[in-house]
Each structure stands twice: as C-alpha cells, then as structure tokens.
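As structure tokens, one chain now follows by itself in the form predicted alone.
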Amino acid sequence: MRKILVLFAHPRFEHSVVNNAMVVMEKQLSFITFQDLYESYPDFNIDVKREQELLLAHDVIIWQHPFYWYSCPPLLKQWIDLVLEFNWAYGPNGDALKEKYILNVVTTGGAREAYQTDGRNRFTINQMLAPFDQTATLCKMVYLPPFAVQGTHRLQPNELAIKVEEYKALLNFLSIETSPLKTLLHLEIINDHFIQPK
C-alpha cells in the first residue's frame, strides 16, 4: 500500500466548511499522514529536517490548500522554499524525491467554468498551477493533475458530500500499490476520473 502525506495549509481553516469536511474524512484513513502546516508552524519556523523525513517516508504527497490569488497560502510557499533544498530535492545530487507522486488538492470560490481560457479568470486550473508542476518536475517527481472542489460558496450539503466521496475514492485509488497512476496524467482535473453517479 502506498503511504500518503497530506500537507494541509489553510490560514482560516476554522471558517472553511468544505475543507473541514474533507479533513474529517482524511483523518479516518489509516494510510494518510495528515500534517496541518499552520497548526504545526504558527510562527512559520519550519523544521526542515522533520519535513524532509516525512517526505522520504511517503510515496504520494498532496499539497492541500485553498486557491489564494491563483496560488497557495504563504506558509505552503515557505515550506516549498525551505524544505525542497538544493542537492537534496533537486540539483546535481538531488534525487531524494525521485519518482514520488505529487498533486495539488485545491478549493476555489469560483466555479469550474470561471477557470477556462474563455472564462472570467482566463486560465485553467492546470495553467495556474504550472509553478507547482515545474517544482515537482525539477525534483524528478511525477506531478498528477489537481483535484479541485470549485464553486465552494454555492455548494449545497448534498453536493459537498458527493465531492468528499469523490476525494475519498481518489485517496483510496492513490493508496493501492497496483493502481496505474500515470494513466491519470491526461486529465484536466483528476476529479473527472472519480465522478460519482447521480
């Protein structure tokens, strides 16, 4: 079974109905290590060695965060800046994370239609996440398409429950050693593989 590390970054977690529902589910899964970065590092003083040890101990890494101004909250950016060290994660001798899988799990206030080339935000989620994709590629990791819960302000409880079930299905799929994860690379968002029947 693949071990999954969730690096969760939400500076206003107590106000997020959607992320709360997702996190409650994640914490019930035995193959998940859940790391709340804002709870662990309220002073932004990241323990780099501890974080690197966590990365080495897991097969799949998830950056879970709300989409803040088309990127991630500042503590996750600091985590990337400090933890993914030269000649450890990248560089001539940096292959500690080689072939590990990684993806973003994001929540957006805007609907999926707003994140299209002809939509209000002018770019797709994948295009806006290109810096994360390139970071993973530089570290010789396999970057999977994002899982996105969108239009969060308008989600009804039954719709949120469906999204949480889709995310749970993804996590279970990621955890199975024989799951062919590279077959998901062509998707715009990984949700499309796990849509629950109506």
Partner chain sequence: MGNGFLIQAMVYLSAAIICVPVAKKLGMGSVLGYLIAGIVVGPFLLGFIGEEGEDIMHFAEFGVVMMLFLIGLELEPKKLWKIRKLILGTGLSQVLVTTFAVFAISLVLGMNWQASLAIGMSLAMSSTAIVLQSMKEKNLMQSSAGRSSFAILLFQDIAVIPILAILPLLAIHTINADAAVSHSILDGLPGWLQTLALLGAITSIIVAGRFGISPLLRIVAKSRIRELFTASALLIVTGIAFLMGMVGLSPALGTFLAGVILANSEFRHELESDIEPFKGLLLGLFFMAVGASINFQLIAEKPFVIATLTLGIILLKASIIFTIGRFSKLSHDQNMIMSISLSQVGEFAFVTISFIGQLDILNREDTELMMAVTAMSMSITPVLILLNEKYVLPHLGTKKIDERPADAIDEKNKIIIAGFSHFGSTLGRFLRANGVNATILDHDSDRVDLLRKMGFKVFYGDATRVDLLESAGAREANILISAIDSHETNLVLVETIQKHFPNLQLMVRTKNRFDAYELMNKEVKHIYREHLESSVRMGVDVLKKLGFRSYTVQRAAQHFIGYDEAAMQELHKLWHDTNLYISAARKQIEIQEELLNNDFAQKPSFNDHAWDSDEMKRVFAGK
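Positions refer to the first chain, counted from 1. On a predicted model such as this, the values are computed, not experimentally measured, just so you know.
The form predicted in complex with the partner chain is left out here; the points below concern that form.
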Only one of A111, A96, L82, M128 comes within 4.5 Å of the partner chain in the predicted complex by heavy atoms, so just point that one out. L82
Which residue, N45, Q28, Q156, N172, is the contact with the partner chain in the predicted complex, using a 4.5 Å heavy atom cutoff? N45
Taking the partner chain as it sits in the predicted complex, is Y90 in contact with it (heavy atom to heavy atom, 4.5 Å or less)? yes
Would Q78 count as touching the partner chain in the predicted complex under a 4.5 Å heavy atom rule? yes
